[in-house]
Structures are given as C-alpha cells and as structure tokens.
Ligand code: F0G
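Heads up, the chain below is alone and in the form predicted on its own; it's given as structure tokens.
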C-alpha cells in the first residue's frame, strides 16, 4: 500500500508533487460565459479554451508531464525509419507488458481502426463490458455490432460494488452460443469503463473472461487507455491483490490478453498510442495497416519527442504514489458533492467525477439531452468545461430514431497533477449553487446534427431562454463576483 496519507482532520488528499511551471487562467464574467456557450452551440467541445476557466472536458492528452518526461524529450531520435526512440519505447513496453510486438499509432482510436479493419466483418458481434464512442463507431463502420454484457450493478448510479466494469460471465457464454462463435472475432474489455463513470474490472473477472475465450477459441482484446486507474483499484479493492506490486498486476493482466491497445494521451501522460501482442500471426495481420493509416513502423504517426515521454510515463505508471493521485482527488470531489446532496456515480471511479444528470435535472426528458444541458449550465455557472456522457454521445439507429443512453452523466475530468484542491473546491461550490437552482435548467435540441460522433461537433440550442434566466439568477446571487 502507498505511504501517502490523507489529512486526518478533513480527509483531504495530499499532492505528491510540487508545481514548477504555471499557466495563467481566465475566468470570464457570467454574461460573457453565456455568450460563449451560445456561440458554441451549447456544445462544450466547441468552446474556445481561452473562454474556459477550469477545463475538465477530458484527461486525454492534457495530463501534466513529469520533469523526467520533459527531460527525456530532449534526447529524441527524429529518424523517419529505425529511430532509436522507437526501440527504447518498444523495450519499455516489452518489459512492462511482456509482449514481443509493438505497433505504434498516433492515438487510441487509430488502434481501434486497425483492429476493426483486420478482425471485424459484416455480421460480426463484439461483446464488451461497455462500449466507448469511437470503438463502437469503428466496429459499426466495418459492418459489426457491439453487445454490452455488463453486470447488473454496472448501471446502478449509487452503489458500493467495487468493480462495476466486470463482465457478466453467464451473459457472455449465452451470447456466444446465440450468435455463433464464428461471428465473434474477439471479446473487448475496457479498463475503467469510460461511459459509466470510469468503473474498473477486477483481475478475477478478467481471468474468468479468459477462460471463456479459451473454451471457445476467441481472442481477448484489452483497451488499456485507462489502465492506470484500473490498476489502482485492483490493488486497493481486490483482496487477493493487496500484496502484489503494480508491476506484477500489470503483467498478470497483460498475460491474459491476446491484444492490448492504448491511448498514451491517457496511459503514459503523453500523446500517442499503440497495439501490443505476443502473437506473431496477429502482429503480421495488423502491421501493414500502420504505414497505410499512421506512418512508418518506427513512429506510427507520433512525434518522437512524445514517444520518449511515453516510455518514461509508462515506467512512472508502475509507481503507486504516481497513479493514486487521480483516484484520490476524484474520491474527494465525489465525497464533497455527496455531502451537499448532489447525485454522483459511486463508488468513485477513475478519469473524473461523474454527475448524474438524470437525477440532477430529472425534469428534463432524455430526448432533450439532460446531460448536455447540464454541461452547458455548469459552464455558465462557473466557467467549468465538462463533457456530456449520455444520449448526446450515442447515435441514432438505422431508422433515424434516437438511442436513449443507459445513463446520463456529466463527466468532470481531473487531468493528473493539473488542478489544485482549491480549484476542485470551487467546482464543488458552483455545482452546489447550480443544484439549488436546477429547475431553471431545461433541455436542448439539435440545430446541426452530424451522423457520426455528433457529440464532438454538433450544434444545439436551448428549448427556451433558460440559459439567459440562469445567467441572470447567477448575477442576482453573486453580483459582480465572477
């Protein structure tokens, strides 16, 4: 276990780093925040960062790098082919995961594209603990479909289940028998299931999934982008793993999987990604797509400077006192919101704090995107940019009908080593004010709706003038205070 303690009197998490470089932030007056969100089509993705005070949109590519990562970037070998930087990264991946083959890519969704192009065909069914937006899109574009086989507790917003990212083994077996093993190219496990609150799977559950895959001759593919949080939760929540090191748990996970892919924008705290496997046949099937879509085999669309940083970042991921910082700060934020009666996903997961919009604005119908509306309201109330993770993040079916999400969440991501405790507390206070005034929030409707990944760049408008009323209420309560 980590020696890092919480402040006893308030149970406050302790930062295990010091700040050496700072970046100035800008907190606009509420009238300017209202104008900014309206110009962004009520879509927080379309806000300009200069108009954002606390950017909690994502932890992807925005984590703070360590001094060792920054130093490593200075020795990068920028050769197009045969770069020594690549071989250093490859060696680190081989050391940590125990996989012989590494195919570089510019980020996680590029890996998904290659894996889907190679293994998914029309009629394929891919079982998984829960889908991610880009994963589902790549599988669908290649003619397959996703089947989620999560445990019943996965969708319980308030719960004490430590591993809501687990697969229901009975459902997995039943699905394979129903669709036919020949139609299941692989089973996908996502570490820290993104869309249901960053909830982890257990090592024991992964072992059980592996047994089913072995029985039916099916590949097991791991999305390890959020692995560092999942490692922390296995270490602290799974009794059989309490005496194991993070490195030992990582190797056990890797040994159970046929293919591992990851976004280094999350895992490694840099910008890049890659596919790992110990199977030469699988590597050969995927290799030709790297130069086609990404770049040569020794850079794969990544900057060599970032590749050096990834190698160091992966090594730092093996340090419990590095990877426990995110989950501890997220847990603190969840506890503070719970104290104020604000509905949040529990137990606290990784990646960020997840606010339950279904309960927060239970008067807004799902067809009017309550999580999207709440995300816009949070920006108006505090200049805080979160991300909608609900029906807006789904896509319509083949008949154009709305696909209602199982959960309506607003994710307030906490990039690693970026925000201070006072900034977290500011966010809690603004959410508390918003919760008291939640009846002012109404829904959204599309003005411009892309067919694929609409949440990224679709534009919406409020169904009434509720955003103006919310801004006026803020001004009444806070006066000239920002």
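Residue numbers count along the first chain shown, from 1. Quantities reported herein were computed from a predicted structural model and do not represent experimental measurements.
Keep in mind that the form predicted in complex with the named molecule is missing from the display, and what follows is about it.
- Residue heavy atoms within 4.5 Å of the named molecule in the predicted bound form occur in exactly one stretch of 95 to 103, 68 to 76, 310 to 318, 186 to 194, and that stretch is 186 to 194.
- Relative to the named molecule in the predicted bound form, residues 230, 324 and 326 are all farther than 4.5 Å at every heavy atom.
- Using a 4.5 angstroms threshold between heavy atoms, residue 411 counts as touching the named molecule in the predicted bound form.
- Not displayed here, the named molecule is kept clear of residue 44 by more than 4.5 Å at the level of heavy atoms in the predicted bound form.
- Although the partner is absent here, residue 263 sits close enough that one of its heavy atoms falls within 4.5 Å of the named molecule in the predicted bound form.
- The closest heavy atom approach of residue 108 to the named molecule in the predicted bound form falls within 4.5 Å.
- Note on contacts: among 150, 132, 86, 163, the single residue with a heavy atom within 4.5 Å of the named molecule in the predicted bound form is 132.
- Though the named molecule is absent from this view, in the predicted bound form it lies within 4.5 Å of a heavy atom of just one residue from 213, 387, 256, 120, which is 387.
- If you take 328 to 347 and check each residue for a heavy atom within 4.5 Å of the named molecule in the predicted bound form, you get nothing at all.
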